[in-house]
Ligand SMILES: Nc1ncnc2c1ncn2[C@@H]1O[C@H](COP(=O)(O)OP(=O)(O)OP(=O)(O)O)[C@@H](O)[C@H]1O
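Next up: just one chain, as C-alpha cells, the form predicted on its own.
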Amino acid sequence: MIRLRNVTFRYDSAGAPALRDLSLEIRAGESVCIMGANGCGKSTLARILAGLLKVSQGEFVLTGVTDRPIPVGILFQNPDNQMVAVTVEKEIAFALENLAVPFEEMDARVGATLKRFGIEHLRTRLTSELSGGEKQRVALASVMICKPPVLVLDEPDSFLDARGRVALREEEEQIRHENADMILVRITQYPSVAKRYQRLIVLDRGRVAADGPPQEILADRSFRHKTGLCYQSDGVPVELPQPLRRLSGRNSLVHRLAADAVSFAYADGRTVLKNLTITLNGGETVGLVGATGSGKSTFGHLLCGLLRPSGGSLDYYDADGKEVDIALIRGQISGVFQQPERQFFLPTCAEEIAFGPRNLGLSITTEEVTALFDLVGLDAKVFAERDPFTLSMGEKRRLAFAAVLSMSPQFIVFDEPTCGLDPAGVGRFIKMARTLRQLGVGLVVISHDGTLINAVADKVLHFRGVGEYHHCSCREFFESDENASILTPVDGQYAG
C-alpha cells in the first residue's frame, strides 16, 4: 500500500512548494490515473512514489513490497533521463545485471522483452541515436523486464506512435492480469486515457482537487476548465505581443523552402531519408507524420540547418522566387526540439527568451519579454528568474515556444509540440499556430496526435518508410482510414 499524509515538498527551501499538504492512499491492486495542469506537481509526486525524492514535511509510507529487489519501477516523462547504457540490449539488461541474474537467463529475458515490445530491430543500436518514440519504448521495456509490484508511468506515451500506444496498453493489461496485487499509477494529460482507469486523482497547484471515478469527475465541465483539463478549441485568435508585431516588419528573406531529392544517412551508414522532394511555403502549415524512427525529426533538423543533406539539395527562396544564400537566413528558420531542454543554456527563463533577438542584433525590452511569457501561458513574476531546468516538461515546452517566437522567424519547425502540455496548453498552441499562419509564417508540425494535425495543418507529409513519402491535403489524408490509423484518433480526446 502507498500512503501519503500531509506531504509537502519544495525543490528550493525558499521557493513555493510543488506539493502542499497532500494526503492520499493507494491500495494493493489499484490502478490509479493522475491528471492536472502543467506545474501542478504530478511528476514530483511520481518521483516521491519511486523513492527518488524525500518529502520536506509529512509522511510517505510504502508497505508490502519493500522486500522486492525493485519495489517501484518508474518510466520518466523524458526517457533520456533514465538512459544509462550505450546500446539498447545493455539498457534493457541493466537492472538484471545489478540483480546478478545469470547470463543465460538474462539473455533469454532480454530477447523476450525486445520481442514483446516490437523493438528487436533496435537491439544493437546506440541509445543516443534513437528517436524520441524509440527511446520511450526502450525505457518502458527496461522497466517492465523486472515486473515491479508498483509501477509509476509518467506520461509514458508522450513520444509513442499509434502502434507504440497500443503496445503500451496491451502490456499494461497483461501485467495487471499476471499480478492482481500490482499498484499501477499512470500520469496522463488525456481524459480518454483516464477513463480506462478505476480511479482518477486530479492535482491543482500541489493539492488533491478531486479523487474518484474518472467518468464522474470529467463530466464536470466547469471543474475541467478550472483545473486546466479542458481542451479549448474555439476560433478566437491569440493576441501576439509587440516583439512579433514589430520584428515581423523587418526584411523577411525566406518565403519558400524547397527540398529536391534530399537524402540523409548517419555516420554509421544508416539511411533515414532518401529522395525526398517537397516545397514548403510561408503561410502554410504542414503536418509531418509517420511511425517512430521514420526520419521526421531528422528532416526537421535539416530544415533548420542543424544537419546537412547527404544527397540532393535544400534551397531557400525569397518572395520573387530568387534563391537566398543560406548565410543570410540566420534567425529566419527555427525549431522547437522534441526535448525542449536541449536548447536551453542560460541561467534564467527571461534570459532564454531574450537571447535570440539580441544574438541577431535586435533589441527586446523587459516588457516585451513579459508579453511573450503571457503568450505561452507562463506568469513572468513566477518564471522570469527561474532556472529553465527546474520547470516541468510542459513548462519547458512553453518556454521553448517563447524563446523561438521572440526572434519572429519566417519558418518554424515544431517537433511534438504538445507532448507534456496540459489540454488547456494544447488549445493555446492551436490558437497560436493559426495566428502565425495568418501572419504568413510557415509551420512544420511533427506529431503523432491526430487531433492536433487535423486542427492546424493545411497539408500532410506522411513518411511511410525510407524513400516512401506521400504529400496531400489534410482533408484528403483524414478521409483515408488507412492513413488516419497511424495517428491517435481525432476524437476530441482533450475535451474528455
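Computed from a predicted model, the values in this text were never measured in an experiment. Just count from 1 along the sequence shown to find any residue number.
There is another form of the same protein, the form predicted in complex with the ligand; it is not shown, and what comes next is about it.
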Have a look at 257-265, 320-328, 209-217, 390-398 and name the one stretch with heavy atoms inside 4.5 Å of the ligand in the predicted complex. 390-398
Name the residue from 224, 125, 274, 386 that puts a heavy atom within 4.5 Å of the ligand in the predicted complex. 386
Which listed residue (189, 294, 410, 136) meets the criterion of a heavy atom within 4.5 Å of the ligand in the predicted complex? 189
Any chance residue 448 has a heavy atom within 4.5 Å of the ligand in the predicted complex? no
Residue-level contact is defined here as any heavy atom of the residue lying within 4.5 Å of the ligand in the predicted complex; does residue 131 satisfy this criterion? no
Residue-level question: is residue 18 within 4.5 Å of the ligand in the predicted complex, judged on heavy atoms? yes
Mark residue 40 yes when one of its heavy atoms lies within 4.5 Å of a heavy atom of the ligand in the predicted complex, and no otherwise. yes
May I ask whether 44, 77 and 155 each come within 4.5 Å of the ligand in the predicted complex, counting any non-hydrogen atom? yes
